[in-house]
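This document opens with one chain alone, in C-alpha coordinates, the form predicted alone.
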Amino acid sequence: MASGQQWVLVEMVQAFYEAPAYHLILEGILILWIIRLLFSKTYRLHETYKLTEKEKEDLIEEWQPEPLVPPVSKDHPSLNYDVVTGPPSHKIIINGKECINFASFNFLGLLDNERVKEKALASLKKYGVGTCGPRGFYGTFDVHLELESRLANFMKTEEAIIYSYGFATIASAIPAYSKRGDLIFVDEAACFSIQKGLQASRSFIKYFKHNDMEDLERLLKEQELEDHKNPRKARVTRKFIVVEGLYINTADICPLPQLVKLKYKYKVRIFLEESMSFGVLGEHGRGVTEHFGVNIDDIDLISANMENAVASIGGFCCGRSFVIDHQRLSGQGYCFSASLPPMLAAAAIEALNIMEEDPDIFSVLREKCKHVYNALQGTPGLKIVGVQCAPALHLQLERSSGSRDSDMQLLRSIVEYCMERGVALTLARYLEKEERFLPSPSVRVVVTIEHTEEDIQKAVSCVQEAASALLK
(Lines give C-alpha, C1' and ligand atoms only; values in the text may rest on other atoms or scores of the structure.)
Protein backbone atom coordinates (compact mmCIF):
# COMPACT_ATOMS: atom_id res chain seq x y z
CA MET A 1 0.00 0.00 0.00
CA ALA A 2 2.76 2.42 1.02
CA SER A 3 4.80 1.54 -2.06
CA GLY A 4 1.76 2.22 -4.26
CA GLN A 5 1.30 5.70 -2.80
CA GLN A 6 5.01 6.42 -3.22
CA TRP A 7 4.81 5.40 -6.88
CA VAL A 8 1.84 7.83 -7.48
CA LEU A 9 3.80 10.66 -5.88
CA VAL A 10 6.77 9.95 -8.14
CA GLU A 11 4.48 10.08 -11.18
CA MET A 12 3.07 13.43 -10.09
CA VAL A 13 6.54 14.93 -9.67
CA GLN A 14 7.58 13.56 -13.06
CA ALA A 15 4.46 15.01 -14.69
CA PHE A 16 5.20 18.36 -13.06
CA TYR A 17 8.67 18.51 -14.64
CA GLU A 18 7.37 17.44 -18.03
CA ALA A 19 4.48 19.98 -18.14
CA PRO A 20 4.90 23.06 -20.42
CA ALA A 21 5.92 26.29 -18.73
CA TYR A 22 2.73 28.19 -19.69
CA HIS A 23 0.67 25.41 -18.11
CA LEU A 24 2.54 25.72 -14.82
CA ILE A 25 2.20 29.52 -14.84
CA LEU A 26 -1.55 29.31 -15.43
CA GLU A 27 -2.02 26.79 -12.63
CA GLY A 28 0.04 28.94 -10.28
CA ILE A 29 -2.09 31.99 -11.04
CA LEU A 30 -5.27 30.01 -10.39
CA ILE A 31 -3.95 28.70 -7.07
CA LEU A 32 -2.98 32.21 -5.93
CA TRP A 33 -6.45 33.55 -6.98
CA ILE A 34 -8.20 30.78 -4.98
CA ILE A 35 -6.09 31.57 -1.92
CA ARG A 36 -6.92 35.28 -2.27
CA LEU A 37 -10.66 34.54 -2.50
CA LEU A 38 -10.50 32.35 0.61
CA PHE A 39 -8.78 34.89 2.81
CA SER A 40 -10.09 38.20 1.51
CA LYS A 41 -13.18 39.93 2.98
CA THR A 42 -16.32 39.88 0.92
CA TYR A 43 -17.23 43.42 1.91
CA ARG A 44 -15.64 46.52 3.29
CA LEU A 45 -16.82 48.32 6.33
CA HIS A 46 -17.62 51.92 5.54
CA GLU A 47 -17.29 54.57 8.11
CA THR A 48 -20.71 55.66 9.35
CA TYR A 49 -21.59 59.27 9.78
CA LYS A 50 -24.33 60.20 12.18
CA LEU A 51 -26.54 63.04 11.01
CA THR A 52 -27.61 65.73 13.38
CA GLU A 53 -31.28 66.43 13.91
CA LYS A 54 -31.00 69.65 11.88
CA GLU A 55 -29.39 67.81 8.96
CA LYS A 56 -32.15 65.21 9.05
CA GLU A 57 -34.82 67.91 8.97
CA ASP A 58 -33.07 69.68 6.08
CA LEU A 59 -32.91 66.46 4.07
CA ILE A 60 -36.60 65.75 4.72
CA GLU A 61 -37.57 69.25 3.58
CA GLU A 62 -35.47 68.95 0.39
CA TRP A 63 -36.81 65.50 -0.56
CA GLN A 64 -39.40 65.48 -3.34
CA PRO A 65 -41.30 62.22 -3.99
CA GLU A 66 -41.83 60.95 -7.51
CA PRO A 67 -45.30 61.94 -8.81
CA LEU A 68 -47.92 59.21 -8.59
CA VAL A 69 -49.16 60.12 -12.08
CA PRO A 70 -47.59 62.21 -14.85
CA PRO A 71 -48.54 65.90 -14.83
CA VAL A 72 -51.64 66.75 -16.87
CA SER A 73 -52.56 70.21 -18.09
CA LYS A 74 -55.78 71.68 -16.72
CA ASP A 75 -56.70 72.44 -20.33
CA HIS A 76 -56.72 68.74 -21.27
CA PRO A 77 -60.01 67.94 -23.09
CA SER A 78 -60.77 65.01 -20.81
CA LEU A 79 -60.80 67.34 -17.79
CA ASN A 80 -63.14 69.86 -19.43
CA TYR A 81 -66.57 68.38 -19.92
CA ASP A 82 -69.39 69.41 -22.19
CA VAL A 83 -72.35 69.12 -19.82
CA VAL A 84 -75.59 67.63 -21.15
CA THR A 85 -78.96 68.55 -19.65
CA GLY A 86 -81.92 66.43 -20.69
CA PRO A 87 -81.99 63.23 -22.76
CA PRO A 88 -79.34 62.90 -25.51
CA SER A 89 -81.95 62.03 -28.14
CA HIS A 90 -82.64 63.75 -31.47
CA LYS A 91 -82.04 67.18 -29.95
CA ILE A 92 -79.44 67.55 -27.22
CA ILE A 93 -78.73 70.49 -24.88
CA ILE A 94 -74.96 70.90 -24.40
CA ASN A 95 -73.67 73.61 -22.09
CA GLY A 96 -77.10 75.22 -22.28
CA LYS A 97 -77.23 75.25 -26.12
CA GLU A 98 -79.66 73.09 -28.08
CA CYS A 99 -78.05 71.14 -30.93
CA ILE A 100 -79.00 68.44 -33.41
CA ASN A 101 -77.40 65.28 -32.02
CA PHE A 102 -74.89 63.69 -34.41
CA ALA A 103 -72.75 62.39 -31.52
CA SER A 104 -74.71 59.80 -29.46
CA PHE A 105 -74.93 56.14 -30.52
CA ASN A 106 -78.73 56.18 -30.34
CA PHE A 107 -79.00 54.50 -33.75
CA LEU A 108 -82.66 53.45 -33.62
CA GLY A 109 -83.87 56.47 -31.63
CA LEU A 110 -85.05 54.30 -28.73
CA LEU A 111 -83.37 56.25 -25.95
CA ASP A 112 -86.33 58.65 -25.52
CA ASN A 113 -89.00 56.28 -26.84
CA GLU A 114 -92.22 56.54 -24.78
CA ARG A 115 -92.90 52.79 -24.79
CA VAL A 116 -89.40 52.03 -23.55
CA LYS A 117 -89.63 54.67 -20.80
CA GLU A 118 -93.02 53.38 -19.60
CA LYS A 119 -91.69 49.82 -19.27
CA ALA A 120 -88.57 51.04 -17.45
CA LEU A 121 -90.69 53.14 -15.05
CA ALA A 122 -93.03 50.23 -14.30
CA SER A 123 -90.01 48.01 -13.61
CA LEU A 124 -88.48 50.69 -11.37
CA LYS A 125 -91.63 50.77 -9.24
CA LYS A 126 -91.73 46.96 -9.03
CA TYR A 127 -88.05 46.08 -8.43
CA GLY A 128 -86.38 49.27 -7.23
CA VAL A 129 -83.29 50.97 -8.61
CA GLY A 130 -80.57 48.30 -8.60
CA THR A 131 -79.83 44.73 -7.55
CA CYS A 132 -76.93 45.05 -5.06
CA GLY A 133 -75.61 41.62 -5.92
CA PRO A 134 -74.01 39.53 -8.69
CA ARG A 135 -76.09 37.00 -10.59
CA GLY A 136 -74.94 34.14 -8.36
CA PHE A 137 -75.80 35.97 -5.10
CA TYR A 138 -79.49 36.91 -5.28
CA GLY A 139 -78.83 39.17 -8.25
CA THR A 140 -80.79 37.08 -10.75
CA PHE A 141 -84.26 38.52 -11.31
CA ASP A 142 -86.99 37.05 -13.49
CA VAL A 143 -86.61 39.97 -15.91
CA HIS A 144 -82.94 38.99 -16.47
CA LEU A 145 -83.92 35.48 -17.49
CA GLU A 146 -86.62 36.86 -19.78
CA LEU A 147 -84.14 39.20 -21.48
CA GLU A 148 -81.63 36.37 -22.01
CA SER A 149 -84.35 34.20 -23.55
CA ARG A 150 -85.51 37.04 -25.81
CA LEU A 151 -81.98 37.82 -26.99
CA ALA A 152 -81.32 34.14 -27.78
CA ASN A 153 -84.57 33.95 -29.77
CA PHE A 154 -83.86 37.23 -31.58
CA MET A 155 -80.36 36.11 -32.59
CA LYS A 156 -81.52 32.55 -33.43
CA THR A 157 -79.06 30.94 -31.01
CA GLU A 158 -79.49 28.36 -28.25
CA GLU A 159 -78.71 30.60 -25.30
CA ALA A 160 -77.65 34.13 -24.29
CA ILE A 161 -76.04 35.66 -21.22
CA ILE A 162 -76.25 39.33 -20.17
CA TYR A 163 -73.64 41.52 -18.51
CA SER A 164 -74.24 44.74 -16.58
CA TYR A 165 -71.48 46.67 -18.37
CA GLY A 166 -71.00 46.75 -22.14
CA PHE A 167 -67.21 47.19 -22.09
CA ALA A 168 -66.79 44.20 -19.77
CA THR A 169 -68.74 41.83 -22.02
CA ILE A 170 -66.10 40.90 -24.59
CA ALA A 171 -63.32 41.80 -22.12
CA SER A 172 -64.68 39.04 -19.84
CA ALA A 173 -65.65 36.57 -22.55
CA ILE A 174 -62.20 36.27 -24.15
CA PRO A 175 -60.29 35.26 -20.96
CA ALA A 176 -63.12 32.91 -19.99
CA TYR A 177 -62.08 30.62 -22.87
CA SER A 178 -58.53 31.52 -23.87
CA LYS A 179 -55.82 30.99 -21.25
CA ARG A 180 -52.05 31.14 -20.97
CA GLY A 181 -50.49 29.08 -23.77
CA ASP A 182 -53.46 29.48 -26.11
CA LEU A 183 -53.23 31.46 -29.34
CA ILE A 184 -55.38 34.35 -30.58
CA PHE A 185 -55.31 35.89 -34.05
CA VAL A 186 -56.77 39.38 -33.88
CA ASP A 187 -57.34 42.26 -36.30
CA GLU A 188 -55.09 45.29 -35.78
CA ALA A 189 -58.15 47.58 -35.67
CA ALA A 190 -59.77 45.74 -32.75
CA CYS A 191 -61.47 48.01 -30.23
CA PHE A 192 -60.11 48.74 -26.76
CA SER A 193 -62.44 46.33 -24.94
CA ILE A 194 -61.10 43.48 -27.10
CA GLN A 195 -57.54 44.58 -26.31
CA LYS A 196 -58.28 44.44 -22.56
CA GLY A 197 -59.76 40.96 -22.99
CA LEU A 198 -56.62 39.81 -24.80
CA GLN A 199 -54.47 41.23 -22.03
CA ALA A 200 -56.52 39.50 -19.33
CA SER A 201 -56.30 36.16 -21.14
CA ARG A 202 -52.45 36.11 -21.03
CA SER A 203 -52.61 34.18 -24.31
CA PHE A 204 -50.11 34.48 -27.15
CA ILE A 205 -51.43 37.18 -29.51
CA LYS A 206 -50.77 37.46 -33.24
CA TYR A 207 -52.10 40.56 -35.01
CA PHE A 208 -53.00 40.54 -38.69
CA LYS A 209 -53.43 43.59 -40.90
CA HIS A 210 -56.87 45.12 -40.85
CA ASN A 211 -59.34 43.04 -42.87
CA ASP A 212 -56.41 41.44 -44.74
CA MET A 213 -57.32 37.77 -45.16
CA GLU A 214 -54.08 37.00 -46.97
CA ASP A 215 -52.08 38.22 -43.97
CA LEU A 216 -54.29 36.21 -41.62
CA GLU A 217 -53.85 33.05 -43.71
CA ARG A 218 -50.09 33.62 -43.74
CA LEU A 219 -50.10 33.59 -39.93
CA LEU A 220 -52.35 30.52 -39.84
CA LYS A 221 -50.04 28.65 -42.24
CA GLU A 222 -47.00 29.54 -40.14
CA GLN A 223 -48.78 28.21 -37.07
CA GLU A 224 -49.77 25.04 -38.91
CA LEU A 225 -46.10 24.37 -39.65
CA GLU A 226 -45.24 24.95 -35.99
CA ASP A 227 -47.99 22.52 -34.97
CA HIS A 228 -46.54 19.81 -37.23
CA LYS A 229 -43.17 20.22 -35.49
CA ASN A 230 -44.70 19.85 -32.04
CA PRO A 231 -47.98 17.90 -32.36
CA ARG A 232 -48.22 17.18 -28.64
CA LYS A 233 -48.32 20.90 -27.83
CA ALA A 234 -50.68 21.59 -30.74
CA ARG A 235 -53.25 19.14 -29.34
CA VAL A 236 -53.66 21.18 -26.13
CA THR A 237 -53.37 24.67 -27.65
CA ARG A 238 -56.67 26.36 -28.40
CA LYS A 239 -56.70 28.82 -31.30
CA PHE A 240 -59.12 31.71 -31.81
CA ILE A 241 -59.81 34.47 -34.34
CA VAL A 242 -61.24 37.64 -32.77
CA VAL A 243 -62.83 40.29 -35.02
CA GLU A 244 -65.53 42.96 -34.95
CA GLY A 245 -68.55 42.80 -37.21
CA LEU A 246 -68.54 46.54 -37.84
CA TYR A 247 -65.34 48.14 -36.55
CA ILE A 248 -65.86 51.14 -34.30
CA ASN A 249 -62.41 52.58 -35.11
CA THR A 250 -62.62 52.25 -38.90
CA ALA A 251 -66.39 52.01 -39.62
CA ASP A 252 -65.95 49.11 -42.04
CA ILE A 253 -67.21 45.52 -42.04
CA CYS A 254 -65.20 42.34 -41.48
CA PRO A 255 -65.10 39.85 -44.41
CA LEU A 256 -67.02 37.21 -42.48
CA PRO A 257 -67.51 34.61 -45.27
CA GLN A 258 -63.72 34.41 -45.83
CA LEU A 259 -63.16 34.19 -42.09
CA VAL A 260 -65.52 31.23 -41.84
CA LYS A 261 -63.64 29.44 -44.65
CA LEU A 262 -60.33 29.98 -42.83
CA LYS A 263 -61.92 28.76 -39.60
CA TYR A 264 -62.73 25.34 -41.04
CA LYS A 265 -59.55 25.11 -43.11
CA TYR A 266 -57.21 25.72 -40.16
CA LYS A 267 -59.46 24.48 -37.32
CA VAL A 268 -59.78 27.66 -35.27
CA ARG A 269 -62.67 29.24 -33.39
CA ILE A 270 -64.25 32.63 -34.24
CA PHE A 271 -65.29 35.24 -31.66
CA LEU A 272 -67.35 38.03 -33.22
CA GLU A 273 -67.87 41.39 -31.48
CA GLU A 274 -71.05 43.01 -32.84
CA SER A 275 -71.63 46.09 -30.69
CA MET A 276 -71.74 48.39 -33.73
CA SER A 277 -73.53 45.99 -36.10
CA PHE A 278 -76.23 44.59 -33.77
CA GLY A 279 -79.48 46.41 -34.53
CA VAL A 280 -77.91 47.95 -37.64
CA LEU A 281 -76.91 45.34 -40.23
CA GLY A 282 -79.12 42.64 -41.68
CA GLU A 283 -82.76 42.58 -42.73
CA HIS A 284 -83.89 42.10 -39.12
CA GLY A 285 -80.97 43.81 -37.39
CA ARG A 286 -79.23 40.59 -36.33
CA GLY A 287 -75.83 41.89 -37.38
CA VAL A 288 -73.10 40.89 -39.76
CA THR A 289 -74.08 37.20 -39.91
CA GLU A 290 -77.47 38.15 -41.34
CA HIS A 291 -75.85 40.81 -43.52
CA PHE A 292 -73.71 38.18 -45.28
CA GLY A 293 -76.16 35.28 -44.96
CA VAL A 294 -73.69 33.30 -42.83
CA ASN A 295 -75.09 30.51 -40.67
CA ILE A 296 -74.86 31.80 -37.10
CA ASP A 297 -73.83 28.31 -35.92
CA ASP A 298 -70.56 28.81 -37.81
CA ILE A 299 -69.64 31.49 -35.26
CA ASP A 300 -68.48 30.11 -31.92
CA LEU A 301 -69.35 33.20 -29.87
CA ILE A 302 -71.13 36.48 -30.61
CA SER A 303 -70.98 39.41 -28.21
CA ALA A 304 -72.51 42.88 -28.35
CA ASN A 305 -73.40 45.69 -26.00
CA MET A 306 -76.90 47.03 -25.47
CA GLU A 307 -75.72 50.62 -25.23
CA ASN A 308 -76.05 51.56 -28.91
CA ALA A 309 -79.05 50.37 -30.93
CA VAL A 310 -80.97 49.09 -27.88
CA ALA A 311 -80.30 52.36 -25.97
CA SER A 312 -79.93 50.58 -22.61
CA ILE A 313 -76.88 49.53 -20.58
CA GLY A 314 -74.83 46.33 -20.45
CA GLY A 315 -74.04 43.68 -23.03
CA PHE A 316 -74.72 40.08 -23.99
CA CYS A 317 -73.06 37.01 -25.48
CA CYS A 318 -74.93 34.34 -27.40
CA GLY A 319 -74.16 30.97 -28.94
CA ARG A 320 -74.50 27.30 -28.12
CA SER A 321 -75.67 26.43 -24.60
CA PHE A 322 -72.49 24.65 -23.50
CA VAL A 323 -70.40 27.64 -24.64
CA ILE A 324 -72.58 30.23 -22.87
CA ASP A 325 -72.92 28.21 -19.65
CA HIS A 326 -69.15 28.27 -19.27
CA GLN A 327 -69.29 32.06 -18.89
CA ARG A 328 -71.65 31.73 -15.92
CA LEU A 329 -68.73 30.09 -14.13
CA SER A 330 -65.78 31.95 -15.65
CA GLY A 331 -66.94 35.34 -16.98
CA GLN A 332 -65.45 37.78 -14.48
CA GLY A 333 -67.83 40.62 -15.35
CA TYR A 334 -70.75 38.24 -14.88
CA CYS A 335 -69.57 36.54 -11.69
CA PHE A 336 -68.29 39.54 -9.75
CA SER A 337 -70.32 42.58 -10.87
CA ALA A 338 -73.74 43.53 -9.59
CA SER A 339 -76.32 42.40 -12.12
CA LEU A 340 -78.07 44.69 -14.59
CA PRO A 341 -80.70 46.94 -12.95
CA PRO A 342 -84.11 45.40 -13.68
CA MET A 343 -85.50 48.61 -15.17
CA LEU A 344 -82.73 48.56 -17.82
CA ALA A 345 -83.45 44.91 -18.58
CA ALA A 346 -87.12 45.77 -19.01
CA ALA A 347 -86.18 48.68 -21.29
CA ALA A 348 -84.05 46.34 -23.42
CA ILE A 349 -86.92 43.84 -23.72
CA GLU A 350 -89.26 46.57 -24.95
CA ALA A 351 -86.60 47.75 -27.40
CA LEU A 352 -86.45 44.19 -28.80
CA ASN A 353 -90.25 44.23 -29.11
CA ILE A 354 -90.06 47.39 -31.23
CA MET A 355 -87.25 45.93 -33.36
CA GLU A 356 -89.27 42.75 -34.03
CA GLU A 357 -92.55 44.59 -34.71
CA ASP A 358 -91.03 47.04 -37.21
CA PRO A 359 -88.04 45.53 -39.06
CA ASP A 360 -88.28 48.33 -41.65
CA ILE A 361 -86.43 50.63 -39.23
CA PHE A 362 -83.16 48.89 -40.11
CA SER A 363 -83.46 49.62 -43.83
CA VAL A 364 -84.51 53.23 -43.03
CA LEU A 365 -81.41 53.64 -40.86
CA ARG A 366 -79.12 52.24 -43.56
CA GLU A 367 -80.64 54.57 -46.17
CA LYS A 368 -79.95 57.57 -43.95
CA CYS A 369 -76.38 56.35 -43.34
CA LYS A 370 -75.87 56.08 -47.10
CA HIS A 371 -77.31 59.58 -47.60
CA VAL A 372 -74.94 61.12 -45.03
CA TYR A 373 -71.99 59.19 -46.45
CA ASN A 374 -72.62 60.46 -49.98
CA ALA A 375 -73.35 64.02 -48.83
CA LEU A 376 -70.03 64.27 -46.95
CA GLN A 377 -68.01 63.09 -49.93
CA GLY A 378 -65.83 65.84 -51.35
CA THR A 379 -65.66 67.90 -48.16
CA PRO A 380 -62.57 70.11 -48.66
CA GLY A 381 -59.57 68.98 -46.59
CA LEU A 382 -61.39 65.98 -45.10
CA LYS A 383 -61.80 62.35 -46.14
CA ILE A 384 -64.59 60.08 -45.01
CA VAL A 385 -63.59 56.73 -43.47
CA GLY A 386 -66.01 53.82 -43.37
CA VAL A 387 -68.64 52.02 -45.43
CA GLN A 388 -71.96 53.47 -46.62
CA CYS A 389 -74.08 51.49 -44.18
CA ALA A 390 -72.03 52.41 -41.07
CA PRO A 391 -73.98 54.59 -38.60
CA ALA A 392 -70.81 56.02 -37.05
CA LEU A 393 -68.49 57.44 -39.72
CA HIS A 394 -65.07 59.09 -39.31
CA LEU A 395 -63.85 62.32 -40.88
CA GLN A 396 -60.06 62.47 -41.05
CA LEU A 397 -57.71 65.13 -42.38
CA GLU A 398 -56.66 64.51 -45.98
CA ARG A 399 -53.22 65.87 -45.16
CA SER A 400 -51.82 65.49 -41.69
CA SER A 401 -49.75 68.32 -40.24
CA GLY A 402 -47.24 65.76 -38.98
CA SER A 403 -48.22 66.37 -35.36
CA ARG A 404 -51.04 64.42 -33.72
CA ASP A 405 -51.70 67.27 -31.28
CA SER A 406 -51.97 69.77 -34.14
CA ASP A 407 -54.32 67.47 -36.06
CA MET A 408 -56.48 67.01 -32.99
CA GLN A 409 -56.63 70.76 -32.46
CA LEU A 410 -57.73 71.33 -36.07
CA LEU A 411 -60.46 68.72 -35.80
CA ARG A 412 -61.56 70.06 -32.41
CA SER A 413 -61.98 73.50 -33.95
CA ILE A 414 -64.31 71.94 -36.57
CA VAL A 415 -66.39 70.34 -33.78
CA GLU A 416 -66.60 73.66 -31.92
CA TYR A 417 -67.51 75.55 -35.13
CA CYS A 418 -70.41 73.15 -35.75
CA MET A 419 -71.59 73.23 -32.13
CA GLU A 420 -71.80 77.04 -32.22
CA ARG A 421 -74.19 76.61 -35.17
CA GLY A 422 -76.36 73.99 -33.50
CA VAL A 423 -74.81 70.70 -34.70
CA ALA A 424 -73.27 68.36 -32.11
CA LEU A 425 -70.37 66.23 -33.35
CA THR A 426 -67.59 64.62 -31.35
CA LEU A 427 -63.92 63.78 -31.62
CA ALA A 428 -63.05 60.09 -31.51
CA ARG A 429 -61.21 59.64 -28.20
CA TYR A 430 -58.59 57.01 -27.36
CA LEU A 431 -56.25 56.17 -24.50
CA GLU A 432 -53.22 57.01 -26.58
CA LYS A 433 -50.62 55.27 -24.39
CA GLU A 434 -52.74 52.13 -24.07
CA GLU A 435 -53.88 51.49 -27.64
CA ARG A 436 -51.99 48.72 -29.43
CA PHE A 437 -52.46 50.42 -32.83
CA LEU A 438 -53.49 54.03 -32.30
CA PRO A 439 -56.07 55.16 -34.90
CA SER A 440 -55.64 58.45 -36.74
CA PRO A 441 -57.42 61.50 -35.26
CA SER A 442 -60.98 61.90 -36.53
CA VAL A 443 -64.33 63.58 -36.07
CA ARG A 444 -67.08 61.02 -35.54
CA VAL A 445 -70.43 61.58 -37.27
CA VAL A 446 -73.23 59.41 -35.86
CA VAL A 447 -76.41 58.88 -37.87
CA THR A 448 -79.71 57.88 -36.24
CA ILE A 449 -83.14 57.02 -37.57
CA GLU A 450 -84.51 60.27 -36.09
CA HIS A 451 -82.47 62.56 -38.33
CA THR A 452 -84.58 64.38 -40.91
CA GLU A 453 -83.50 65.55 -44.35
CA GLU A 454 -83.21 69.08 -42.95
CA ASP A 455 -81.03 67.87 -40.05
CA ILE A 456 -78.69 66.04 -42.41
CA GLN A 457 -78.45 68.99 -44.79
CA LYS A 458 -77.69 71.38 -41.93
CA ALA A 459 -74.98 69.09 -40.50
CA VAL A 460 -73.32 68.53 -43.89
CA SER A 461 -73.36 72.27 -44.63
CA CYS A 462 -71.82 73.05 -41.21
CA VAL A 463 -69.02 70.53 -41.70
CA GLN A 464 -68.23 71.79 -45.18
CA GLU A 465 -68.26 75.44 -44.04
CA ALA A 466 -66.02 74.62 -41.10
CA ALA A 467 -63.58 72.71 -43.33
CA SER A 468 -63.45 75.58 -45.85
CA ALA A 469 -62.90 78.18 -43.15
CA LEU A 470 -60.46 76.32 -40.90
CA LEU A 471 -58.49 73.99 -43.20
CA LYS A 472 -56.63 76.43 -45.42
Partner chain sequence: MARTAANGNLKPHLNQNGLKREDIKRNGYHNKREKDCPGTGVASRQHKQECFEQAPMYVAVMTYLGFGIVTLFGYFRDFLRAVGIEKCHLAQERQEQKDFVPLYQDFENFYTRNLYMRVRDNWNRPICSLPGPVFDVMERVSDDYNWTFRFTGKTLHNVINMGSYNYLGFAENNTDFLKTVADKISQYGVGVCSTRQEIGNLGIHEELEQLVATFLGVESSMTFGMGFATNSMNIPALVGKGCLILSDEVNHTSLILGARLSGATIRVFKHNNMHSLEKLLREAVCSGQPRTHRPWKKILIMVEGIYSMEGSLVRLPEIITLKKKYKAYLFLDEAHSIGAVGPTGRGVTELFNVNPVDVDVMMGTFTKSFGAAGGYIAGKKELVDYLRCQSHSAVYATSLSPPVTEQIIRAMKCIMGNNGSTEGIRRIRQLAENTRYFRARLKEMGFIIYGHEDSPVVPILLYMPGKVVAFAREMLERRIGVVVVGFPATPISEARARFCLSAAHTREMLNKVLHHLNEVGDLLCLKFSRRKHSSRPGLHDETELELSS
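Positions refer to the first chain, counted from 1. Worth saying up front: this structure is predicted, and the values here are computed from it rather than measured. Superpose the two forms; the largest set of C-alphas matching within 1.5 Å is the rigid core.
Below: the form predicted together with the partner chain, not depicted.
Stretch-level contact check against the partner chain in the predicted complex with heavy atoms at 4.5 Å: of 323-331, 274-282, 218-226, 362-370, the positive one is 323-331. In the predicted complex, none of the heavy atoms of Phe39 sits within 4.5 Å of a heavy atom of the partner chain. Among residues of the shown chain, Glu434 is one whose heavy atoms approach the partner chain to within 4.5 Å in the predicted complex. In the predicted complex, at least one heavy atom of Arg269 sits within 4.5 Å of a heavy atom of the partner chain. For the chain shown alone, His76 is a contact residue for the partner chain in the predicted complex, at least one non-hydrogen atom being within 4.5 angstroms. Contact annotation for the candidate site: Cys132, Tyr138 and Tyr430 all lie close to the partner chain in the predicted complex (heavy atom within 4.5 Å). Here is the short version: of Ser337, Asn211, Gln396, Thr379, the single residue with a heavy atom within 4.5 Å of the partner chain in the predicted complex is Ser337. Scanning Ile205, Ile313, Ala189, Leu352 against the partner chain in the predicted complex with a 4.5 Å heavy atom cut-off leaves one residue, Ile313. Contacts of stretch 439-458 with the partner chain in the predicted complex, defined by any heavy atom lying within 4.5 Å, are made by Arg444 alone. The two forms, fitted on the rigid core, differ between this form and the one not shown by less than 2 Å at the CA of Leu438.
Here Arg404 does not count as shifted, since its C-alpha moves by less than 2 Å between this form and the one not shown after the core is aligned. After superposing the rigid core, the Cα of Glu55 is displaced by 2 Å or more between this form and the one not shown.
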